[in-house]
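Just the one chain here, laid out as structure tokens, in the form predicted on its own.
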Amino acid sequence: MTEEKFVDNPDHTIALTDQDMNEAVAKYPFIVVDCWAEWCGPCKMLGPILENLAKKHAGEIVFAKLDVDKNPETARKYGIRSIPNLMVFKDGQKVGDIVGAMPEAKLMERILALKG
């Protein structure tokens, strides 16, 4: 039996790759994928905010991170041109993007608006 890569209701951000992106989007009803890179300052500012939100919203919203330098296929597929870019998926469909770093409250407001 293989170990499940994606746990139910994670309370931390999960790391995604080109290989498992589709699996994660299919598994979680509502997932926010942070497209980021090591060299991106605003991306680093967003990291702790996303970890905090993942804890606060475990069981409701899944937060994931995708390094665009290491996973160029996914970035190309979704037309990611600037980072940080949070792609929001609901029931397997992309419902929006949130581009740029922002305070936690503002970010949550934008996420919840897409959650509907």
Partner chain sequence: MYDVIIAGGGPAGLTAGIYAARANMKTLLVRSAFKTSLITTTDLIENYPGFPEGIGGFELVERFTQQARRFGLEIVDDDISSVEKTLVQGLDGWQVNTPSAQYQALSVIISTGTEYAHLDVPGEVEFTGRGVSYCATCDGPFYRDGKVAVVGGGDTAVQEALYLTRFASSVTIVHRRDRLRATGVLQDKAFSNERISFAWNSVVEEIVGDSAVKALRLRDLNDPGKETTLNVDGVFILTGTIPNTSEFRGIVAMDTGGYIIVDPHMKTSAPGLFACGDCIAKLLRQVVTACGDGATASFAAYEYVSGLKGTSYAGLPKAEHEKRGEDHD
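Numbering follows the first chain given and starts at 1. Just so it is clear, the structure is predicted and the values come from calculations on it, not from any experiment.
A second form of this protein, the form predicted together with its partner chain, is not displayed here; the remarks below concern that form.
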*asked:* Whether Asp8 contacts its partner chain in the model of the complex should be assessed with a 4.5 Å heavy atom distance threshold; does it?
replied: no
*asked:* Residue-level contact is defined here as any heavy atom of the residue lying within 4.5 Å of its partner chain in the model of the complex; does Phe30 satisfy this criterion?
replied: no
*Can you check whether Asp97 is within 4.5 Å of its partner chain in the model of the complex, heavy atom basis?*
yes
*Spell out, yes or no, whether the shortest heavy atom distance between Gly92 and its partner chain in the model of the complex is within 4.5 Å.*
no
_Members of 85-106 lying within 4.5 angstroms of its partner chain, judged by heavy atom, in the model of the complex_ = Asn85, Lys94, Asp97, Val99, Met102, Pro103, Ala105, Lys106
